[in-house]
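Quick setup: one chain, the form predicted alone, written in structure tokens, and binding and motion questions come after.
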Amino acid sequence: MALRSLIRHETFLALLLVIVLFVLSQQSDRFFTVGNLLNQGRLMTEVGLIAIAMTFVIATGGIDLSVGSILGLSAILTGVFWQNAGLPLPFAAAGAIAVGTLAGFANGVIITRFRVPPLIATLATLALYRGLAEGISQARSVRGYPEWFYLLGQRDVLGVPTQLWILILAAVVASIILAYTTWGRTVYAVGSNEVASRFSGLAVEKTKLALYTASGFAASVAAVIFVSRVSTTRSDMGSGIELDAITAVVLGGTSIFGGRGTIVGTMIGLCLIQALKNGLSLAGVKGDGTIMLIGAVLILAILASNLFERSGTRT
């Protein structure tokens, strides 16, 4: 029944996306062009990678507010390791990803070993990691990366932005893991009833630790792609990106209470948000109006999801 209601939610969301695309295409002839759509795919990759990992986290009933700060920390470390420490850029990027992954692991340890609620733990590390990024950068940016580095964030492969291939691959792999593996079923079980999962012998703590570590890894990979795309590093990179990722996940049908959600739904939600941002901007709508409309769409989707869930329960 839960799966049936989720499928209904995804169908409703996909239909809403089609309607939004049609309406926005009527507002501007620049919107529904191949070049613009591919460029939007390029712009939403960083949020998408974080949202994929966030889907797993929220499906367990948790949340990770620190991903934007991890992105900023990993971004500035990419430049510092390369320019100040003198590491070759591939090693500098790998080192930054390792630090971001370690930051996610630290979140998991705080949550699983010290029993700190995820909201409180990641809110604290949000401030900690952002402070570290600002302290390391000293308000200075790093520029002048070698030309080959821009292949990751500014170039195309077979006519498609390089990072969009990465996002598609990550979405496919994550979707298979969440939907068809024992570990994916463990994620759902933990989110549905954590106490019962422990009594059933499931590795609840290890699963949650792995998920927050993966969330840090996704944010740090997104950071390297972000640096490649904008050609610079700044400590304020990623500010607010956690809210965009959470919005996409919740809009996609993942329950904030855990136990329900899919990667497909998250990707549809992500595309819907990006389409609204871009289409309304091209139509001349100011930023405040866009935020209000995205909020209205989120409320509508949640209400529709609740109606589908209730009707599924009755049947």
Partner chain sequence: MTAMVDLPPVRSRTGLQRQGFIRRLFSEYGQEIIVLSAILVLFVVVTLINPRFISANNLTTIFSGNAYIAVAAIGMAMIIVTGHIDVSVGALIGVLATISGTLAVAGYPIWFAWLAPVVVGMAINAVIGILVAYARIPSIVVTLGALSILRGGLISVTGGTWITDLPPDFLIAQKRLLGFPVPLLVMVALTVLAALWMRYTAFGRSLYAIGGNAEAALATGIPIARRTVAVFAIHGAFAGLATILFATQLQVIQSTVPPNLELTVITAAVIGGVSILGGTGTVIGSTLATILFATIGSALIFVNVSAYWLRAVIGLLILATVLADMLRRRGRG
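Numbering follows the first chain given and starts at 1. Note that the coordinates shown come from a computational prediction; the quantities given were computed from them, not determined experimentally.
Another form, the form predicted in complex with the partner chain, is not on view; read the next lines as being about it.
The partner chain in the predicted bound form: within 4.5 Å of a heavy atom of each of 117, 120 and 136? Yes, all three are in contact.
Considering the partner chain in the predicted bound form, find the one stretch among 205 to 213, 127 to 135, 157 to 165, 97 to 105 with heavy atoms no farther than 4.5 Å from it. Correct option: 127 to 135.
Which of these residues, 151, 173, 85, 243, gets a heavy atom within 4.5 Å of the partner chain in the predicted bound form? Going through each option in turn, the one that passes is 243.
Partner contact for residue 250 in the predicted bound form: the partner chain, 4.5 angstroms, heavy atom: So residue 250 counts as contacting the partner chain.
With the partner left out here, check for me: in the predicted bound form, does some heavy atom of residue 15 sit within 4.5 Å of the partner chain? So residue 15 does not count as contacting the partner chain.
My question is simply whether residue 296 lines the interface with the partner chain in the predicted bound form - judged by any non-hydrogen atom within 4.5 Å. Yes, residue 296 lies within 4.5 Å of the partner chain in the predicted bound form.
Considering non-hydrogen atoms and a 4.5 Å limit, does the partner chain approach residue 19 in the predicted bound form? It does not: once the partner chain is placed as it appears in the predicted bound form, residue 19 has no heavy atom within 4.5 Å of it.
With the partner left out here, which residues of 250 to 279 have a non-hydrogen atom within 4.5 Å of the partner chain in the predicted bound form? Contacts from 250 to 279: 250, 256, 257.
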